[in-house]
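Given as structure tokens, the chain that follows is alone and in the form predicted on its own.
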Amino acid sequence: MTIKKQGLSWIAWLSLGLMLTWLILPLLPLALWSISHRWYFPDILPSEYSLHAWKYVFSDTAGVMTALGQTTLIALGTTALAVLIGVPAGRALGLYHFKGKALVELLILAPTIVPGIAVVLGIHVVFLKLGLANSLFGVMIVHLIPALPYMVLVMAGVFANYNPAIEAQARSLGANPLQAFWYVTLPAILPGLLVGCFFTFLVSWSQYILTLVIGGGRVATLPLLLFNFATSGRNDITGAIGILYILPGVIVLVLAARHLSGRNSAAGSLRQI
């Protein structure tokens, strides 16, 4: 038994090391570019270092902080809208069997299959007529197209393993529908809900084409700035913005991972009603 445990521990540490290496290595060139002043081929390291790129990023005239705020606001708004739509939709798909269910699941997956530029060009005229173009709310709505399938499918998988009888038990003990949801349903689905929110946030955070077309260039986000500086050859500023672009995803992952152990159970929550 001891040898088996040591073997599993060695494999676990090796997997963890490989994962960290895979995650950290792509960040090293960005970090070096962000503090470099001169870096020419075939030099392995920059010949001169400077904090000019970071000073520019945090300056009032660069607009990077404004873009960071708008990107965060759009991703959070898209995630909130996806929760409102995805939780009941996922519950319906996970708990109930009905005619045409396979077709509904196919339609939900369709936005992830069809190229984003084809989708956005088709609905751009509709957004113009509705007055949603060139606005933050319009960008949030269009981000639901690629982001919502992740939330719905994750929640469908969660509810497929969910027993609604515990809600009936809570109601029999005197809980109203809101209490049953807050103390029973929500703790039971919370790990899966956080996973869906995590994917939805990152999908919205990384959108470029949808933001560019629907935002009309007036809604500036980090992906737009990152692409502009990357194509203009400003590798130092691109590296600095790239670090800012990656950090929120890492923070969201760390915060979500703390709640993914599944320790909170609906059965234990019945005592709080």
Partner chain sequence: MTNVVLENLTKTYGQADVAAVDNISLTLKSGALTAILGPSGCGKSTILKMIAGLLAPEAGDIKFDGRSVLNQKPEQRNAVMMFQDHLLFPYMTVAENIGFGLKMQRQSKTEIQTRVGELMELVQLQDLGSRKPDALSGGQQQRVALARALVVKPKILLLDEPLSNLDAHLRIEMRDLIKRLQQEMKITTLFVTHDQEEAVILAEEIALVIDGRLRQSGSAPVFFERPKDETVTRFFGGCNFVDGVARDGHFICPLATFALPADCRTGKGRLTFRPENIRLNADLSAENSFSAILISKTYLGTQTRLHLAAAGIEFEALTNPGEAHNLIDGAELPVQLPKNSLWVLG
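Positions refer to the first chain, counted from 1. Keep in mind it's a predicted model, so treat the numbers as computed, not measured.
Quick note: we don't show the form predicted in complex with the partner chain, though the next part is all about it.
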| query | finding |
| --- | --- |
| Interface membership of residue 177, the partner chain in the model of the complex, 4.5 Å heavy atom rule | yes |
| Residue 172, heavy atom within 4.5 angstroms of the partner chain in the model of the complex | yes |
| The partner chain contact at residue 195 in the model of the complex, heavy atom, 4.5 Å | no |
| Touches the partner chain in the model of the complex: residue 188 (any heavy atom, 4.5 Å) | yes |
| In the model of the complex, the one of 73, 168, 160, 83 near the partner chain [non-hydrogen atom within 4.5 angstroms] | 168 |
